[in-house]
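Just one chain follows, in the form predicted on its own, and it is written as structure tokens.
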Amino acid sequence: MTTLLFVLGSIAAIVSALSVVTRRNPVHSALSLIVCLLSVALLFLLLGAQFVAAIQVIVYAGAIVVLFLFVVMLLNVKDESAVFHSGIAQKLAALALVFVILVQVVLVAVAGATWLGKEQWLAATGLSFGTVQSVGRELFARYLFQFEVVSVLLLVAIVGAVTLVKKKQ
């Protein structure tokens, strides 16, 4: 069952990623981006990284895509004839880049890349990577000072933003 979900999630991520770059309508492209990010979150869940999957959904599929949609709506792009036309040099560079990436994928496959399951991955990393418990343990034990510094900086930024808005009103 896990293998089937992995294959379906991978196919959905690849197809939706291709749809992001091939759609002319920016709203359709943003919706395809949401599908791609949710598929990647599914892959993180299958690897046992619940925290990373939750962050993927909340931050990227939630906040970032909403920001993209706001920008698209604010730009109010009505004329699709203003699409940039690429020259022959750009097309050749893109084909060369695709060739290099395909060669790298083939080399990794031929070199005998091992596909680790969840149990082998956890054993190889030596910890429960990406789980809520491991992130919390690292964040509040090893990186407590840095966490507190970032929280103070965010508090100062919020106070500064409120002060700037109050002065304008």
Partner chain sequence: MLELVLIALVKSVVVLVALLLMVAYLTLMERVVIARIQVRVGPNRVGPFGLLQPIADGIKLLLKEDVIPAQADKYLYVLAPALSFGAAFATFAVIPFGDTVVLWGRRISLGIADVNVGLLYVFAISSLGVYGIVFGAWASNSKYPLLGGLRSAAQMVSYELCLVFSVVGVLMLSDSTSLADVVAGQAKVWYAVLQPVGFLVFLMASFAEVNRLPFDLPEAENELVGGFHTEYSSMKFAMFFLGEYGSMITTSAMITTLYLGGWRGPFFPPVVWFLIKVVAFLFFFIWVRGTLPRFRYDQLMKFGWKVLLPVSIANILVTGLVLAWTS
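Positions refer to the first chain, counted from 1. Basically, rigid core = biggest C-alpha set you can superpose within 1.5 Å across the two forms. Not measured: the values here are computed from a predicted model.
Below, we refer to the form predicted together with its partner chain, which is not included among the displayed structures.
Trainee: Considering 107, 101, 66, 141, which brings a non-hydrogen atom within 4.5 Å of its partner chain in the model of the complex?
Mentor: Selected residue: 66.
Trainee: Specify the contacting stretch among 157-165, 6-14, 21-29, 141-149, defined as having any heavy atom within 4.5 Å of its partner chain in the model of the complex.
Mentor: Checking each option against the 4.5 Å cut-off leaves 21-29.
Trainee: Does residue 73 reach its partner chain in the model of the complex if we count a contact as any heavy atom within 4.5 Å?
Mentor: The answer is yes: residue 73 has a heavy atom within 4.5 Å of its partner chain.
Trainee: Can residue 43 be called a contact residue for its partner chain in the model of the complex at 4.5 Å between heavy atoms?
Mentor: No, residue 43 is distant from the partner.
Trainee: Residue 47 near its partner chain in the model of the complex, any heavy atom under 4.5 Å?
Mentor: No, residue 47 stays farther than 4.5 Å from its partner chain in the model of the complex.
Trainee: With heavy atoms only and a cut-off of 4.5 Å, decide whether residue 135 touches its partner chain in the model of the complex.
Mentor: Although its partner chain is absent here, residue 135 would stay clear of it in the model of the complex, with no heavy atoms inside 4.5 Å.
Trainee: Note that its partner chain is not shown here; using its position in the model of the complex, name the residues of 33-53 with a heavy atom within 4.5 Å of it, in sequence order.
Mentor: Contacts from 33-53: 34, 38, 50, 51.
Trainee: Determine, after fitting the two forms on their core, whether residue 70 shows a C-alpha shift of 2 Å or more between this form and the one not shown.
Mentor: Comparing the forms between this form and the one not shown, which are aligned on their rigid core, residue 70 does not shift its C-alpha by 2 Å or more.
Trainee: Does residue 162 move appreciably between this form and the one not shown, meaning a CA displacement of 2 Å or more on the superposed rigid core?
Mentor: Yes, residue 162 moves 2 Å or more.
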